[in-house]
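Heads up, the chain below is alone and in the form predicted on its own; it's given as structure tokens.
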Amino acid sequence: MSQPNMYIQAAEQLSIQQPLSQQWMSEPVLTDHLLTTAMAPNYRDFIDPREARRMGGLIKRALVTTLKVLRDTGIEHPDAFITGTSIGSLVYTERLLDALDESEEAISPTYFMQSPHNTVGSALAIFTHSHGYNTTYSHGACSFDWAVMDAWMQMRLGKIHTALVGGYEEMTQNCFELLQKAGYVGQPGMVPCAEMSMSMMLNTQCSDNCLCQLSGVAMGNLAYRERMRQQLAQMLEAAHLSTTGVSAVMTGKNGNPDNDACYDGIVADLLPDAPLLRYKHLFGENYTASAMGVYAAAHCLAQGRIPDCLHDNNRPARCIKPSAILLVNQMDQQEYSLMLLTKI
């Protein structure tokens, strides 16, 4: 039995760029702040204000991007909601811990109810009255990548045909300061640490409004470089592409010399002559930032152009009309993921 193709039918974002917009492709918002919050949309267009009052910022942003995608695709009840978030509802977690520290009496259950990582996925299902497969991945910087891998495998097995896959992250000043001390964010020359929400619809059926095709997903350990090269070769063969057919490689460079050198080494192993793209200087760094790389690449393929703001100055992309973009994400110089997006 032939395996189904998979398509990104729609993708929306809330980040430090203009909300629910591709304006960043022509007029990107640039900031030198170490910590930047996501731009807020008009929540009233999606959520009743009375309901929104009881929701944390992370859930509201996830709901908005999800509901926008559902509207754009006309799919009210996807077969699956698969969520990637590393630190979950951090604001409510901190409020819960503060309340426990300050009081020995019974406290309101609201903070506890909204603090677990899977609160986002369950809120999406409850709000849309969906009863299908629903799971959350909280695996550090590969949380979103595992969410995509889950959808990829289930679609290939024929268990689902549509999946709302998302990456959602928020940040607090306390957590930022801890991550800054650890050297993860906030270092000289690094991109800002930022909140984000990205939802996309994966579908085995191609419609007129599909952005691009998801032609391959692979993950592994960086200690096994030969395995990584084999996975890429298998992806390209399945997509009927050669190495020269890849228009550009999208990396997660963030200004940290160790992080960026790791990406340079991976690209040198895989596609040493391919033009390079980057996205974190536009959308910021966080544990599920790779979701914004997929979002950016999908819209580049849909619009048939790569904006100048995505070019890596070390090896800028000169391809006028991209046909295939390989996304490379690495986590703490230990794990990696590869995703191949191709033009329809």
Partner chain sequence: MEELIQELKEGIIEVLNLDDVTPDDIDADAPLFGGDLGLDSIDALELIVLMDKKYGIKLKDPSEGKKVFLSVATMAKFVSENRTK
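Positions refer to the first chain, counted from 1. Computed from a predicted model, the values in this text were never measured in an experiment.
Unshown form predicted in complex with its partner chain; subsequent notes refer to it.
Annotated contacts: L276, H281 and N313 are all free of its partner chain in the predicted complex [non-hydrogen atom within 4.5 angstroms]. With its partner chain omitted here, the record of contacts in the predicted complex names 45-53 of 45-53, 295-303, 27-35, 62-70, defined by a heavy atom within 4.5 Å. In the predicted complex, its partner chain stays beyond 4.5 Å of every heavy atom belonging to I75. Proximity of E105 to its partner chain in the predicted complex falls within the 4.5 Å heavy atom cutoff. Residue contact with its partner chain in the predicted complex: T110 places a heavy atom within 4.5 Å of it.
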